[in-house]
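Listed next as structure tokens is one chain, alone, in the form predicted on its own.
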């Protein structure tokens, strides 16, 4: 029987209600999670690795890179078919994306979690773990990049995002949809994610920021980052690449310091594109030599920039990672 390694990091899936604090707190180990799913014995030999037991808001990019390397280490073992990472949903899409970006294996690396704590009525954690292990053990999942499994849906790391604060169907891939589904008897995958990228830095560049544009935004935060100076900046702008004039001025200031700037859209679906040429559009920033993020969200563009800056600081070279 195949072996699947489950790397436990914490999150709601590993929490129970605490009367003293009046809310969910970390309380369940990875071994506890797996032992609560008897059906796993018919799918794979499951090994549990306890990496951490923290809310996903406590997970840092440095930890994400460590998890990626831990997954690679276990995937080097011939008997291991794939890896499952149990993780809180708040930053799960980011861990899934960075792991997929930086791992070396083609074996399935699947992240999963829960929207309901282990002590809730109708917890969803056990079903999600079973679905994730089934996916990690499935030959059709090989070469699909990192995957996020929740609510019996399989999503590609670059496309998926959290869309609801509490719903069990929170994860979606706007504009694309899931690449597959999990049924009681099998995993069905119907789509191959394209443009799977890999970046292998020795370490991430931590000093990278993300700003979200809003109506009436001024240049103050850009001035702060230029003065610091930071190592890189991602700006989520309107629509396909538009922004208030003070934001444009702020981006130009940051670029004048030699700091790379990535433009992404604050819209969940679609890519940034130089559709308009008026002052405040993406095209009006051509002299500033900005980089377009394509279809990935701002939080994922930040992680990619952190990884790419771990290899090069040259804007022309950085652009190649985002033009893929």
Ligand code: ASP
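Positions refer to the first chain, counted from 1. Quantities reported herein were computed from a predicted structural model and do not represent experimental measurements.
Here the subject shifts to the form predicted together with the named molecule, a form of this protein not shown in this document.
Checked against the named molecule in the predicted complex, the residues 102, 95, 128, 89 give one hit for a heavy atom within 4.5 Å, which is 89.
Within 4.5 Å of the named molecule in the predicted complex, a heavy atom is found for not a single one of 84, 132 and 135. In the predicted complex, no heavy atom of residue 301 sits within 4.5 Å of the named molecule.
The shortest heavy atom separation between residue 55 and the named molecule in the predicted complex is within 4.5 Å. Among residues of the shown chain, residue 158 is not one whose heavy atoms approach the named molecule to within 4.5 Å in the predicted complex. Shown alone here, residue 15 lies within 4.5 Å of the named molecule in the predicted complex, counting heavy atoms only. In plain terms, the part of the chain that comes close to the named molecule in the predicted complex, with a heavy atom within 4.5 Å, is 114-122 out of 233-241, 114-122, 185-193, 205-213.
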